[in-house]
Structures are given as C-alpha cells and as structure tokens.
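Only one chain is shown below, in structure tokens, and it's the form predicted on its own.
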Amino acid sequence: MKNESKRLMIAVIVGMLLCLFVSGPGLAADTIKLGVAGAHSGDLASYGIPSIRAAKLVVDEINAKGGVLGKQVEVLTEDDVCKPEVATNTATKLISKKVDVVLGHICSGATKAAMGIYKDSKIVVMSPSATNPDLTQSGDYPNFYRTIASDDAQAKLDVDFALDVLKLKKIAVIHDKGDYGKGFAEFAKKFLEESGKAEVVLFEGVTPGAVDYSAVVQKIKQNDAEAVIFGGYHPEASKIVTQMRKKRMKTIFISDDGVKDDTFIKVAGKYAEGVYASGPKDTSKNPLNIKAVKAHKDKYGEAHGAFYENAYTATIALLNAIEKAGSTDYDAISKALKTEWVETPIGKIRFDDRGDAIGAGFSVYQVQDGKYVELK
C-alpha cells in the first residue's frame, strides 16, 4: 500500500509538472506575438486602422508559408485613441499579453508616453507614422524604430518648398500644441528664420477639438500672411482652411503628413482644393507596393488609407528581423534591424543606429480635383 501511494504521489507530481510546462511559459513560445497599438477609434482612427489591416495582411501571408521560425504569428491589437494618457495603459496591456514586438504607436505624443514602458520590458517598437525627432534623436528610446522620416526633415522640405518654389515672404506658423504638431511647427519656424528669406509674422498654437478657429484665422488675416504652415492633424486643419476660405482668404495652406490624408479632403470638401501637405514619398510603382495595395483592395474593397505602406513595411521589417535573429531576443532583433536590408513596399531599407529607416523620405503633395497629387 505504501509503494502504491508513493507511485500515485509521483504520478500526480509529474502530471502537475507537465501541466505547468504546457500551460505556463511554454505557451508564450507557441506563437510569435505582434502587438499593434494606435488610434483604432475616435477622430484619428483613419490613421490607425490601416496599420491593423497591414499587419494582418502581412501576417496572413507569412503564416500561410509556415510562419516565422516555424511558428505562427499572432496579431494582438490595443487602442490608444492617439492620446498619451491612454497610451501608457495600452502599452501595459500589450506587455501583459507577452508580445514579442510592437507595431505602433501612431501619434508622436502617444508614442512618447508609451516608450518608457516598452523600454523597461525590452520590447522593440516600430512606428509607421510617429515623426517627432526626439523619439530617435534624444537617445532616450534605443528600442524605438520608425519607417517614416522625422519632423525636422519634413519641416525642412515644406519650408524649402514655400521659399524656393512658392517664393513666399510672409508666413504664419500655426500648431495644435501637441508633441507632433508643435514640434513640426518649431522646426518650420527655425528653418524660416535661419533662411533670412521670409518673415514669420505669427507663431501660435490652437486648441485641438475646438469648434471655432476664427480668432487665429483673423490674426492670420491681420498679419497679411501669404501662407500658413500648420503643424497638426486633419480635424483642426480642415476647420481652419474652411473658415479661411469662407472669409474669402486666398492664403496658401501648407501642412504635414498629419493632414496628408483623404479624411481631410472629405471633411474640408471643396475648401481642400489647392492645399499642400508633405507625406511619405509615392512608391506606388514599387512591385511590393502594388502587391500590398492590391491585397488591401481585395480584402477590404476600399482605399488603404494613411501610413498603410509604412505599417506594411514595419510589419515585414519586424518579422524579418526575428527570422534573421533566430529568436525573439531583444538584442538579437535590434542587431538584425540595423544590419539586415529588407525589401518592402517603400523600398529596400534597414535602420541606422538611432532607429530611423535608411531609404525613407517625404514629398510635397497638393490637393488637385479632390485628390492628393505628388509634386515632382
């Protein structure tokens, strides 16, 4: 009886150990977990939803071919509504789900708020759209990468266009007070002042979400600004442009990739005509880009939206790095991102020591007949 009890006890212990092995840490290794964070609802969802779709399309194709390192890839999404105060919780949720890497966030302010949390957990994060220079240039976030050029490069492009192509002399610089919009505007102001070619007649922030921007529109008019350079997103830009045009102001409107979105055109309607905005270079003739765009059209039956190609690229880059690294180890992934070139919809890229994509860049676009057209 004693021997029988001993055998029974051993069997129970072995069974418990097997259960622990199957349901514990081993389970996390059954799939490669890709977190996708961004604005998946709210006013800026048109920037975040394309990233979810891009990730799922890439993952579906990779999984059909056997996955990464012989494992299937799992997509886990969390919404931050592009708000910094929500983004910290979003990051915490993804870490609790044991994600291996993260695609996101979308807005620079939300990204900054979340990065410390990912850094402490040694999670590589790659954004398709967060352009604030400090994210890579400050050295505070060695785990951060992006597939889009930074605001300083974008602001320089817009300022050079305003000065050298449009030959403007009096410019108002307006922003939405956020990390992204204000950062872009400050660079624009700096480059304008350094050029000596034009006067910054007004530098002012507006409150996001306000119904009426007539006060700042009036200041733009009173200062005889030939143009506005605006740093921010489409909800505010569309209202400012609309109010300017209703006052019969012909002031040129130049903005950033936060406005280079079809939603801006839909909201501003006829008043969007002629607006300039910088955005990622047109790579629509790239074979991988053609393939990615077609995949979206076939799956969702509509245009792919803002930052889709950059998100598609980020997903490929992250999963390629894991494959090349041979593991989900943080240091190994980081090394692979900086040393391994990969073909993507935006071209052949790898990342520099700061985390910026070598090969990514911006172009200036203009709304013509209801569509953004790249200016050569």
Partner chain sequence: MDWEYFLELFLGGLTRGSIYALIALGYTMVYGIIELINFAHGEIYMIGAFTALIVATVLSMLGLNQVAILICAAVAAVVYSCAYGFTVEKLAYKPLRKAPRLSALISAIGMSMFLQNYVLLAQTSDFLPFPSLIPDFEFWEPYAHIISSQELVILITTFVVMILLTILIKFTRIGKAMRATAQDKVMAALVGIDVNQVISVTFIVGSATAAIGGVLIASHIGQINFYIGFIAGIKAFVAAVLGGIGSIPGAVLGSLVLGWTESFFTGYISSDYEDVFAFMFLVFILIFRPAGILGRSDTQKV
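Computed from a predicted model, the values in this text were never measured in an experiment. Positions refer to the first chain, counted from 1.
Omitted here: the form predicted in complex with the partner chain. The next part is about that form.
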- Query: Pick from 205, 84, 305, 133: which has a non-hydrogen atom within 4.5 Å of the partner chain in the predicted complex?
  - Reply: 205
- Please pick, from 77, 143, 289, 238, the one residue with any non-hydrogen atom lying within 4.5 angstroms of the partner chain in the predicted complex. 238
- Query: Each of 328, 332 and 350 near the partner chain in the predicted complex, meaning some heavy atom within 4.5 Å?
  - Reply: no
- Heavy atoms within 4.5 Å of the partner chain in the predicted complex: which stretch among 144-152, 117-125, 291-299, 265-273? 265-273
- Message: Considering non-hydrogen atoms and a 4.5 Å limit, does the partner chain approach residue 216 in the predicted complex?
- Response: yes
- Message: When the contact criterion is heavy atoms within 4.5 Å, does residue 96 count as touching the partner chain in the predicted complex?
- Response: no
- Task: Examine residue 246 and determine whether its closest non-hydrogen atom to the partner chain in the predicted complex is within 4.5 angstroms.
- Result: yes
- Query: Is residue 260 one of the residues lying within 4.5 Å of the partner chain in the predicted complex, judged by heavy atom distances?
  - Reply: no
- Query: Counting only heavy atoms, which residues in 44-60 are within 4.5 Å of the partner chain in the predicted complex?
  - Reply: 45, 46
